[in-house]
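Listed next as structure tokens is one chain, alone, in the form predicted alone.
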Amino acid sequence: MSFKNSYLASVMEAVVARNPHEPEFHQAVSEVLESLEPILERKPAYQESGVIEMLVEPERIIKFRVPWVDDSGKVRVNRGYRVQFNSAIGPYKGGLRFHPSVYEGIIKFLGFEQVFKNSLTGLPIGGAKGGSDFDPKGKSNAEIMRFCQSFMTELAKHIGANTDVPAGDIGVGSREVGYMFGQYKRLSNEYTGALTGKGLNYGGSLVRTEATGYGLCYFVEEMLKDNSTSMEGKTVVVSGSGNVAIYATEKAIELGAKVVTASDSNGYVYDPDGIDLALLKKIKLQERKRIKEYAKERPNAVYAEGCSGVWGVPCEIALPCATQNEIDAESAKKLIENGCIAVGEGANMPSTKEAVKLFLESDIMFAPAKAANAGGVSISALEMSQNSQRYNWSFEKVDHMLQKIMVDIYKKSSEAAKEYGYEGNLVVGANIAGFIKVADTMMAYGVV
């Protein structure tokens, strides 16, 4: 980490000292603080007010035991987390992740990123994240239900429609949200919009499932247009095969691109004829099978073990939609050598710091996650609005609002980058644009 500004360097040193052994959190904070150097030169009040020291410290961390009983009658125990990072501009908002890799540092990194992402949407929502080291894979529906009910029994004490509104993330889809919302309703004795990502029959919003993937493509398309091109006719490599990857693939195809890959934690498939979207949905959404099954039904498709190899497939646009730090420096070099012109982050922080540096130095158009994957939380916020109105909007209306939000986020990020001397650098632009709204509001509140 290299800072020209000694004050920001001292803040970063304090973050590392107070949060040891949390490299993802350090990475996220470092990226934002480095972006703030030009703004402090113009607005020293951000330093004098102490707002940056407050901003890197979560308002609240909730850590709890989650006991549940498996199908054999054995008691299992997992850990649950909710990091309520910042509520300056609205109720805490952010997903819940159920995955064995979850620990406090991962949740803090995701919650910190969520603060700026939510600010960029222009909607009144603060930043939070939560989850558990519980692994839904291989569990029966009854086991998942019992875990979700136990998890929500504790979490319910800390959330609410005007306090904190969780949603889904990795390992938490409509099934898990349904079980948790049912338990919340049972405990609170009220029908309220305390979670988003709900089913359409009980307060969910149209476009929520598609939102992050669609929003990613809307952002990338706007970025390409600003550089006198588009997705039309481009070859696209997508990683992942969950909702984000599937609906990014769907929208990219609608925009005229040819998507040639999909992956999971075991490996990836390359289909030179273009991914068969219907087959991909059948295998991953209906049958819940591994991605290698795709290659068995497509004669020209090839399956390869290992995830990182997907970035060696030649393409013009790369959309990482799997998990954090999936593109390292080596993968970035392969993309650049193979003629990639644009990278859009659909997952949270899927590119390492070294990879991002290579993209920017090579003049690759780069759409950072906190801006490009804000579609999901945008529709979650719109779901909150619909719940307050007790009314459901049409698919067309919500999709139109999503597109407008993503175009606005691109414009805010691009304009902020230009204003502070970093034209074309959307990493700096998104961080500054997201920061200003939150920091100015915190300063208005005083020391709280």
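Start at 1 with the first residue shown and count on from there. Since the model is a prediction, treat every value here as computed from it, not as a measurement.
The same protein also has a form predicted together with a small molecule, omitted here; what follows describes it.
Heavy atoms of every residue among 169, 208 and 290 are located within 4.5 Å of the small molecule in the model of the complex.
Contact between residue 119 and the small molecule in the model of the complex is not found at the 4.5 Å heavy atom cutoff. Taking non-hydrogen atoms only, residue 149 never approaches the small molecule to within 4.5 angstroms in the model of the complex.
Proximity of residue 93 to the small molecule in the model of the complex falls outside the 4.5 Å heavy atom cutoff. Within 4.5 Å of some heavy atom of the small molecule in the model of the complex lies at least one heavy atom of residue 307. 240 is the sole member of 344, 127, 240, 130 with a non-hydrogen atom lying within 4.5 angstroms of the small molecule in the model of the complex. Screening 298, 234, 99, 185 for any heavy atom within 4.5 Å of the small molecule in the model of the complex leaves a single hit, 99. The stretch among 351-359, 218-226, 320-328, 75-83 whose residues place heavy atoms within 4.5 Å of the small molecule in the model of the complex is 320-328.
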